[in-house]
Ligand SMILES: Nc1ncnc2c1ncn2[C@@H]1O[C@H](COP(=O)(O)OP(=O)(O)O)[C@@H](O)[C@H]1O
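One chain follows as structure tokens, the form predicted alone.
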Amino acid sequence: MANPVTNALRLSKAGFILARYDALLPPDQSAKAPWLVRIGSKIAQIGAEKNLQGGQHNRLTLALSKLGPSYIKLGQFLATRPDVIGAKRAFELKALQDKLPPFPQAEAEAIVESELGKPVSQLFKTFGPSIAAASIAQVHKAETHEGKQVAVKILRPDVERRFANDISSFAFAARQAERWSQEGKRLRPVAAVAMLETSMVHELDLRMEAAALSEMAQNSKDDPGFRVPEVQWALSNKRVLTTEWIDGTPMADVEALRTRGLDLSLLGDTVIQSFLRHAIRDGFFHADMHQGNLFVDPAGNLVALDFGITGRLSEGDRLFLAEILYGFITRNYRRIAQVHFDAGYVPETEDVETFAQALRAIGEPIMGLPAGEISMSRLLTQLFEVTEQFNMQAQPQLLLLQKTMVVTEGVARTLNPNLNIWKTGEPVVRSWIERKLGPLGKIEQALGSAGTLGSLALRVPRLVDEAHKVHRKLDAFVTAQSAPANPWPPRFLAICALALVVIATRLVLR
């Protein structure tokens, strides 16, 4: 890890370039900046080009592109964090293009030979020039000696070292922000940089992308209308990934899809339902589902490419998300508020009823719209904006989900502007909620979370409490039905319920 002086110098250089492009601060914040910053910005702009097309928005993206791959990825990541940089600047960064000139063919072939241990001529029958180049890697079309058309993704030379240097600087800046700023502590920039680092470490090891493709293929093997390219494991390694070539129609070419006679409304439904299945059912989703990464193959299947960025949701996150969606659908704002407190996302010092009132202010205007105008992503965006007022700590994994949902909804609505998001997503969300929040789901959670007798022992007090709650609910139901009083004492029922869990766990562990 670089020392503080080195990190400060690197950040100063980045600040100089941002200032030279007049992109260091938004116009509305420049006047409030310290005088030293304002003077430094003016000095940096001496001799700089003044008439850039696209205004402030274009200056920021140009500056980040100038700073290199790590800053391009940082910009894309910050586009998902309006809580950190503000909604306006986050919107500006959504247009940041991850495109760079390709590196030479000779270097690409040298990397392939080094990683796979054989000359390119022995590995491939043909190996064409780069067809797409981004900040991290570029892609070549090739043909194997068996006649298979394949896509070969190759990391850029020296990209790992450059990223390691830059992430050290980002982490240094984040630590200073948390140390000296109360707002910095709440926004948790150190955790955000750690998440970016984890994401990038995975993206810089193409074996991880291959594994992501394999996992998604396994999860979605029975999903209607969706698939991913097959990995060619024998032709893949850390810096080279070879997959099946997809000869399909780009999702961005809506007219070509229509010319093929495809049902665009059905295709839009597939986009939404596939994403929700992966996120809610599997807890593992493609986190970069823009039109450039989506194709429709000759059979009419949606095919997702480029699994360099993926997201994961824990079982708790998925239950949290399902409860929120279900709560908004049923307009049970008190329940949504309580879920936030139960999950520990909102401090107990805040008031549940006031939080529920704020949630109602979000839900009622949205739920009052025609079904075709209701947006899940807009709902989550406004939810996260309100939670800031109640000191909810940022949850990066949920923000990544929300960002992906925004992009996914946008893709689906280009296919069907009248898409009813609730009607389309309801079967997926409802089936999962019924399974996980119903009685069988509660038993499944208890058994699955126990795992070992040791962990079960830690759960005994809560299981006893749950057994008491179940008994009270059953007793109330029996009383309501005017049935004879339950002859079994609550403590006896609690012990029986706990004994059943222990027996089931012992059977699982055998």
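Note that residue numbering begins at 1 and tracks the sequence as displayed. From a predicted model like this one, the values you see are computed outputs, not experimental measurements.
Missing here is the form predicted together with the ligand; even so, the following discussion is about that form.
Contact check for Glu244: a heavy atom falls within 4.5 Å of the ligand in the model of the complex. Interface membership of Gly410, defined by any non-hydrogen atom within 4.5 Å of the ligand in the model of the complex, is ruled out.
At the 4.5 Å threshold, heavy atoms of Pro224 stay clear of the ligand in the model of the complex, well away from it. In the model of the complex, the ligand sits within 4.5 Å of a heavy atom belonging to Val139. Heavy atoms within 4.5 Å of the ligand in the model of the complex map, among the stretches 402-410, 117-125, 354-362, 146-154, onto 146-154 alone. Three-residue candidate spot Ala132, Phe295 and Asp306; every residue lies within 4.5 angstroms of the ligand in the model of the complex by at least one non-hydrogen atom. Checking Gly425, Gly75, Pro102, Pro229 for any heavy atom within 4.5 Å of the ligand in the model of the complex turns up a single hit: Pro229. Within 4.5 angstroms of the ligand in the model of the complex, the stretch 308-326 places no non-hydrogen atom at all.
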